Each structure stands twice: as structure tokens, then as C-alpha cells.
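Next up: a single chain in C-alpha cells, the form predicted alone.
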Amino acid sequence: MNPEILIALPLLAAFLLPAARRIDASVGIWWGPLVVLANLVIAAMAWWKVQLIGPQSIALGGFAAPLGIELRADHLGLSAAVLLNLAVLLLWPRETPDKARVSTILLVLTGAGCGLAMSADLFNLYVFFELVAVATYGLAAANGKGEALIASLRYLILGALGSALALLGIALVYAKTGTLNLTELGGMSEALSGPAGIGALVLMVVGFGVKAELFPLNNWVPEVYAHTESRVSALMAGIISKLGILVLLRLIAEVFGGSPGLEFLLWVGVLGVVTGELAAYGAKDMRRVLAYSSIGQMGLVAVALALGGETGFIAALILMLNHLLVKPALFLIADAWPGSLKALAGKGRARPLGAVLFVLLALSLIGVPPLPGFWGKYLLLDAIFTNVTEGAGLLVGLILAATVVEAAYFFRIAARLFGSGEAAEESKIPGLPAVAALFVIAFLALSVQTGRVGDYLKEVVHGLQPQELRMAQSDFPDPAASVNGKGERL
């Protein structure tokens, strides 16, 4: 299956939706989910093909890099595409005043996200990143409420600042190397090891880090998550925040590995962990607690990426996957309870299943063995002791102290859920949402199969070697000229 379709199909459907809606108003309801479902099937088929014959590299329009656009269908990109399509489909918003407009936004988000996952050119990464950002701004304001509009405006301003910084970093890379193709940049690490390269990395970390919820441009997170529909919050925390991390992962693994600028990302991650967990401890509202917790979790991922190496990258991927499954479920479960933490007293006794699962998922974020979050943090600490020569003790101490704070506020929530207080009548409290149940089932499967998932993540990390890919020239959308990772024609 031609992977370019993953980008073209949703974007074309988004373009045609307004016209189709004029013919039949009901099209606005079923058009978007149907297209995303088809895209999910295509992504799954492409992913399976990569498992069988290896990664592909495709030059669109018959122009080889650096003039042409290179797409890379590898383990990382197609895994991200599958998860993105699945998350969008499961978390499709319902409480929106204009379903057709939201469908258009989500189709743009899906197509741009797939392009972001597979792009092997730094400028096109930026273009798809901007499309994702624009779609996310619209999604944050989709319910039309005043608070959501204000939060979306703040998000837009910070996003625009981040985009400008990222573009400046890309310009520095081009000025220094004369190319933006990741495969070519992978062989120019020496040219990017000087002040210009370090500055470019710092600018891109801050720029792309806005979407990844990294410190310091992450103060949009609690406001947006607090005032959007629970499904939108779950989607943004679960998968959209991972797209920014994916960009940074490709940059570090393929271009900036070993750069002195990674120390900046390391301490950005540490500050994100510390500030996020402390803010979550002080929050008085459930959604803000979960939002600040996401900032802390993404800080851990940033630390793992900065450390690099196989252990660091695998730790980052496990932490991301654990967060992707846990945080949407937490948002959906908590949506049945009052927003204020004080009002939670006794609510867990009315419907204990949701409360018990909430605590179980929170334990994985904390890092209690043998849950997936434990293995992510264990590998992170292992990477610190392996790769950090000076200050390893301080770094570990800060992360462990943040974990204690994290445990404190989640245990405080659990105590209120099962503590004394008037429990609402069972009939008035919704049961476990079906979508939340699916995320919980996936989380339990991950907990049981952590070893196999870890083996696959090793394969993903080993596949981040662009020098082993051979460019294939093809006319879009003809896949005949695509080649696999072994140089064989598909």
C-alpha cells in the first residue's frame, strides 16, 4: 500500500467536505470518521508491509533529494501514523456546535500528522508541523465557549512564537549545510557541532517543544485542557503532544546525536518535570492536575531524548506509549466526576470500577512496578547513570523527588475518592465510558506484553539510520519506484 495516500486522502477529504455538505447536510457527520477509518486501514497495511520487507524511502515527483521531497515509511513513522489515526477515530469529539467544521479540522490534523511522521526533510517537517498546529488551534476552540476561545488564543500566540523560533533554527541549519534533507544532514554532524549548529538545535527544541508541552512555552496546557471537551483534551494529551516529540526524536537520532546542545534539552526536561509536578500538586481542579501532570511526563521524555543512545530512546518511547494510553483514559474517567478536588469525596464508592482503574493508571504514571511506567523510568535512570558523568546524582535526585510529589497528589485524589463523604446515587453517575475502557484494555495488554513491546521498540530505534535507506524516485502516487530497506524494488 502506497504510504503517500495517508497524507493525500485526509487532506483531499477535508478540501471536499464543505462542497459535499452542501449536497447533503448529514455528510458532515459521517464523512470525517469514515475517511479516518479508511486511513487507519491503509496505515495498518503499510505498517505490516514494512514489517515484512523493511523501510521504504520515496522521492515524490521523480526528483531526488535535496531538490525533491523525501518520505520515509519506517517503523517509527508508520507506528505513529497508525496510533494517530486510531486515536483520532476513538476520540472524535461529540459535543461540538458545528460537526462538519470539526470534521474538517480533524481531517487536516490526521493528514498533516501522517506527513509529519513520515517526512524526511526538515522544511517539510516544519510545514506539516504548522498544519498540525493550525488544526490544533481550531480544535481547542471548537466548542465555541468564551474560556476555550481565550485559551486557544493564548495557545496560538505561543505557537506562533515557537514556529518562528523553529523556522529560524531551520534557516541556520540550511545556511551551515546547504541542505535540509535528514539523510544528508545525518552525515554532517561535524558541520553542526559548532555554535551555529548548537544554536539551531536550541531554537528548534523551543519551537517544536511548544506542541510537545516542554518548558518554558507550555503554560497554554492547563488552560486549553481545562476548557475543552474531555475527548479533545484526551486527544491533545494522548497523541498530539507526541507529534512534537517525534520531530525532536528524528532530529536527535539522525542529525544532532552527541551535540553539546542536547544539554539544553536535558535541563529543559528537568525543569518541565519539576515545575509540572509541583504545579499539579498545587492544583485544585482535576483537569488542571492532569494537564500539569502531562507537562511533567513530557519533561521525562525530553530528558530521555537528551541522553540519547539505545537506552535513552527506548525509555522515551516507553514513556510516550504509556502516557498515550494512560492520559486519555484518565481524562475520560474523570469527566464523570466534579471538577473540584474537594467535591470528589466519596465519589469513588458510588461507582468503584472507574475509581479503581483511575488509581491503577495513575500508579503507572508514578512508576510502580510492574506497570509500563516503571520500566520507562527504570530505563531512564539507567540511561542517566550510563551517559552522565557529572551531576548524575543531582539529576536522579530531582527526578525521584518529582516522582514523590507525583505520588503525593495522586494518592491524595485516591484518598478523597474512597474517603468519607456523600457518594452520589449510582444511577446519576455514568459508568466507565466505552472509549476509556478500550484505552484501559490496551494499557493492560501493554502491561502484560511489555517485553515484546520493548523488543519492537528496539527495532524502531535501530531503524533510525537514514544512511541505510536508498532514495527511490517515483511519480506521486505511483509506488512502482519505491524500494525497501534492502534496496529491492517493491
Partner chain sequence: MNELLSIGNLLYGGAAGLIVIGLFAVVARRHLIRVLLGVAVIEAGVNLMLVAAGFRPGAAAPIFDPQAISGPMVDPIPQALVLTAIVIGVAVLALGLTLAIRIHRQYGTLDTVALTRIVNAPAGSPESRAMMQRGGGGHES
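Note that this is a predicted model, so its numbers are computed, not measured. Positions refer to the first chain, counted from 1.
Keep in mind that the form predicted in complex with its partner chain is not shown, yet the notes after this line are about it.
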Report task. From the candidate stretches 270 to 278, 239 to 247, 315 to 323, 122 to 130, select the single one in contact with its partner chain in the predicted complex, where contact means a heavy atom within 4.5 Å. Result -> 122 to 130
Query - its partner chain in the predicted complex: contacted by all of Val134, Arg154 and Ala164, heavy atom 4.5 Å - result: yes
Query raised in the report: Of the options Leu394, Leu353, Leu400, Ala171, which one has a non-hydrogen atom that comes within 4.5 Å of its partner chain in the predicted complex?
Result: Ala171
Report summary line: Checking Leu83, Ala141, Ala253, Leu357 against its partner chain in the predicted complex, the residue with a non-hydrogen atom inside 4.5 angstroms turns out to be Ala141
Query raised in the report: Should Glu310 be counted as a contact of its partner chain in the predicted complex, where contact means heavy atoms within 4.5 Å?
Result: no
Requested in this report: Indicate whether its partner chain has at least one heavy atom within 4.5 Å of a heavy atom of Glu223 in the predicted complex.
Outcome: yes
Query raised in the report: Taking heavy atoms and a 4.5 Å cut-off, does Arg416 contact its partner chain in the predicted complex?
Result: no
Query raised in the report: Does Arg287 reach its partner chain in the predicted complex if we count a contact as any heavy atom within 4.5 Å?
Result: no
